[in-house]
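Starting off, we have a lone chain in the form predicted on its own, written out as structure tokens.
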């Protein structure tokens, strides 16, 4: 390995943020999230896999790991002294931390996305969205940073502050060091990760999938949002979608906790993210736990999905499209 290569792998997360002129409070916040992930991965490796005996606001049984990961991340954010408000996918209301918004951030997070996959030893992750000030209900385009952490065979962290997308790996000392900078996506890919029950796809989505298969695009789906988006990013091509379904017009994934941060990262890598009609980052959330369909990945593949939906489905504007115009 060249000296340049050795130096690259010695760049830790905090140094990388400082070298990209990220302000001190935001640097501290992202490093606190990274620190929390070290405790979450320990909990995944050693913790209880059963239910917690509680339910979330959707009436779903909470897993013990969901509750523990949520507690870990909230505690780190609460003690960071740079957070004004936070909102967890596991909670039903915004949690105020500080009345002072100046120089502080509001954070939305899914502490352990895909937690039901842990008991079969598949990859899961943490997703974090960061806004400046006290307001969490903003369009995703106003994010100042987005982060996800993947707990798989390796633990990796991917972040963007609007200056490209960068990947870090956890080393033997549990420090995050740089793996690659400025990850980019090709215009079109040869893999797709489809969520939802196919017999419930709408005409435009079904025709889109058929077009992908006719083109020889390969199906690669893990059942976890973080590993599937990570696959698209690191392979540099592909598309993930969880569309509107005949019985679920708003899709499944949540705009604030999952879609906005991932859309921010994918756009920073040169890709696109859409609800089938409008960019995800232009949607204005009206409720904390709002859901949206999503098509996210290579630009041409997302544009093709929009074309099929526009051509084969009702031309009337859906609710998410109307909100984007307001």
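Positions refer to the first chain, counted from 1. Small disclaimer: the values here were computed from a predicted structure and weren't measured.
FYI, the form predicted together with a small molecule isn't displayed, but the following is about it.
In short, of 205-213, 164-172, 133-141, 247-255 it is 247-255 that has heavy atoms within 4.5 Å of the small molecule in the model of the complex. This chain is displayed alone, yet in the model of the complex one of 159, 192, 176, 225 has a heavy atom within 4.5 Å of the small molecule; that residue is 225. By the criterion of a heavy atom within 4.5 Å, residue 196 is counted among the residues contacting the small molecule in the model of the complex. Not displayed here, the small molecule is approached by residue 221 to within 4.5 Å at the level of heavy atoms in the model of the complex. When the small molecule is considered in the model of the complex, residue 73 lies well away from it, no heavy atom lying within 4.5 Å. Contact between residue 112 and the small molecule in the model of the complex is found at the 4.5 Å heavy atom cutoff.
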